[in-house]
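Starting off, we have a lone chain in the form predicted on its own, written out as structure tokens.
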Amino acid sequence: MADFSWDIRSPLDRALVAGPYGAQGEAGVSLTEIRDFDLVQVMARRGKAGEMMKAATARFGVAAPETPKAIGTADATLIWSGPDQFLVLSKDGKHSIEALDSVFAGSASLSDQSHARALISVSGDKARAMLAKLSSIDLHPDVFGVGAAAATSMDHTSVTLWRGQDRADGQAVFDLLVFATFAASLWHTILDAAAEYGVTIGHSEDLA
């Protein structure tokens, strides 16, 4: 009998080529795939939304978002994903599905999405201009501030989009979660949209 081994690889493992891309000169867009994260979908059971929210507050020290927002804690980001549901993004198993199982027992159903999604971080002074080609969301800072989130689509691909903390140089950061099966296709679409601005491409295991 043949031996099989399962190597967990990024859904962008073949598509992502680190380095410069597109127009020469100073890059206007930075694309970074974030790897090796924990992502858990938390969805309230019928009639248990209040209990779920109390459990979330007790666990994370903040209320989970009830509107399209992303709320950062010391070691996790809670991202609205629909009515009475949110995503928990974290690292190092601190808030893995196993760690959260007892927290939400009886109040919410959990689903491990850690290997079902790709996480792409977009920044740079042309990030908004590039994203505007692909999404109908108004990303102006007066409308889409730090912590704003949306369940939307880009080039007919469903994504969860939120604005993270600004970079040290003041540039806005936008984070995208996309289903792994569509990640490579969307990645190439993003590259096409960003090419005229010049792109810096990389990957990281750091969430921020």
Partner chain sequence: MRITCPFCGERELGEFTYLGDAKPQRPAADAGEDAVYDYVYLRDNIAGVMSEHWYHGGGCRAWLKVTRNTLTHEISAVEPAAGAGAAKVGA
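Positions refer to the first chain, counted from 1. Being a predicted model, the structure only gives us computed values, none of them experimental.
FYI, the form predicted in complex with its partner chain isn't displayed, but the following is about it.
Remark: residue 170 does not count among the residues lining its partner chain in the predicted complex, judged by a heavy atom distance of 4.5 Å or less. At least one heavy atom of residue 158 is located within 4.5 Å of its partner chain in the predicted complex. Interface membership of residue 106, defined by any non-hydrogen atom within 4.5 Å of its partner chain in the predicted complex, is ruled out. The closest heavy atom approach of residue 62 to its partner chain in the predicted complex falls outside 4.5 Å. Just one listed stretch, out of 23-31, 170-178, 38-46, 54-62, contacts its partner chain in the predicted complex at the 4.5 Å heavy atom level, and that stretch is 38-46. Along 66-83, residues 68, 80, 81, 82, 83 each place a heavy atom within 4.5 Å of its partner chain in the predicted complex.
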